[in-house]
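First, one chain by itself in structure tokens, the form predicted alone.
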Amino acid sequence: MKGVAVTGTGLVLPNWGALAQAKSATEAAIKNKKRCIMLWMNGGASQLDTFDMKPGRPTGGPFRPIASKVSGMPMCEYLPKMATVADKLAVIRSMKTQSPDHPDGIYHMHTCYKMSERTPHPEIGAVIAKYNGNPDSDLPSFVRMGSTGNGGAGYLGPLYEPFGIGRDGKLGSFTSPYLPEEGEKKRADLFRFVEDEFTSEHKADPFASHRMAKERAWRLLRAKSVFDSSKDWPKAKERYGDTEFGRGCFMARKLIEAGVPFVEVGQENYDSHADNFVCHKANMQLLDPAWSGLLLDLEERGLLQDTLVIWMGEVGRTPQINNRAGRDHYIRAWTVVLAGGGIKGGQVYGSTDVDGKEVKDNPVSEGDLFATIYTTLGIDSRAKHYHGVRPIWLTPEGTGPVKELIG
């Protein structure tokens, strides 16, 4: 604790980011640390219907590729706006991963470790919050919207747990006080008195974590105006698209600009075991303006060079089209896209064979991907932590960053 601060409602709070210092602290964090936005395609988007198309092949499907701004980087006809910003993208067509189902795949592609291990590994958001977050900020260091990860902060502890908000980027109704100011102050004072009396005789991490959670909640109320996009959204929706996902991407930009180091935005309905092409066409029409709008907005504000934007899900989709016009889970050859944050744009890394069934060259594992992400964000991908007395590394042994992707 660094002393206390008094809020506008009279609540006495630990001074983990005094209002007088909040702006300068945020500016310092923005200047010195890189940030990250993850666009999570929940269920697993089809690489063959987005960025690794196989027109004319039995696995190709009905969608047609269009030329992009970068030679040799065609993409789906339903991503026309993304085609105009292709020079910002690094398309990895050679992902070769290990976890084919949703719970374990979601965990694996958020932590770079298998769910079956006994160790509770932290999600990428928690790692970035730890290394690139500002401990003096009133804002959370790890924010997510919609269906995203399932691992949380793991062995890094409750300080780095994610803060969830609505899919549209709005705070829940629970953030509005339901007592008058004086009542809120008395309630807080009573809470602290009870906590102090209890913890004077009971020492354990869960008790400290409970107190920390309450204090962080009170701190968040001081900064909740950052989550209000009501004045900005009417204009921004023209660029991002007037959808929940578009508004979530816009909120991600606002939070990054305010100093939050990691924001994840989930888009649903990619688990297309049936009607794959109906699902993907509908989703891409929401994805295209939101993703391209986010990249352009970040660039125009001078934020893209220090903000890594990741597009991925837990699995790819099968080259074979099943008897329900669907594609099933596939992990032998699929696609992830990176942009900004020190990534060298305008390139395709790796390739698949003529039907998209196997990686042809430059395979990339979960650990390689995460090592690349951490390295471009200025984080040591082989940093060592401890779970009890057991040493654990951020990325698995034998993996490393893909140097060709880093500018």
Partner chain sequence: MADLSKPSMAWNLTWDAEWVTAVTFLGSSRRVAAGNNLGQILLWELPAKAGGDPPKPVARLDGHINVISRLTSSPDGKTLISASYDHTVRFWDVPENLPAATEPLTLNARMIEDTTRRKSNGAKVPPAMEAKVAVLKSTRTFNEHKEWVVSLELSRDGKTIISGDDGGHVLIWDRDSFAIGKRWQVKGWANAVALSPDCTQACVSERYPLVFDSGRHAAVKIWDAAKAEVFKDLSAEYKGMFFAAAAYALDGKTLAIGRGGELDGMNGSVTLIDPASGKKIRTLAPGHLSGLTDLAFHPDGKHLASSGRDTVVRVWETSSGKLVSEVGKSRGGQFKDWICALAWSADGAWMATADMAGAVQIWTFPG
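Numbering follows the first chain given and starts at 1. Please read all numbers here as calculations on a predicted model, not as lab measurements.
Only in words, not in the display: the form predicted in complex with its partner chain, which the text now covers.
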query	finding
S230: touches its partner chain in the predicted bound form, heavy atom cutoff 4.5 angstroms	no
Close approach of N322 to its partner chain in the predicted bound form, 4.5 Å, heavy atom	yes
A274 within 4.5 Å of its partner chain in the predicted bound form, heavy atoms	yes
Exercise: H102 in contact with its partner chain in the predicted bound form, heavy atom 4.5 Å	no
Its partner chain: the contacting residue among Q285, T84, S71, Q98 in the predicted bound form [heavy atom, 4.5 Å]	Q285
Position in contact with its partner chain when the complex is considered in the predicted bound form, options K254, R332, K281, R239, heavy atoms within 4.5 Å	K281
Within 4.5 Å of its partner chain in the predicted bound form, all of D52, R93 and T318 (non-hydrogen atom)	no
One stretch from 336 to 344, 373 to 381, 54 to 62, 359 to 367 that, in the predicted bound form, holds residues within 4.5 Å of its partner chain by heavy atom	54 to 62
Its partner chain in the predicted bound form - contacting residues of 139 to 171, heavy atom within 4.5 Å	R167
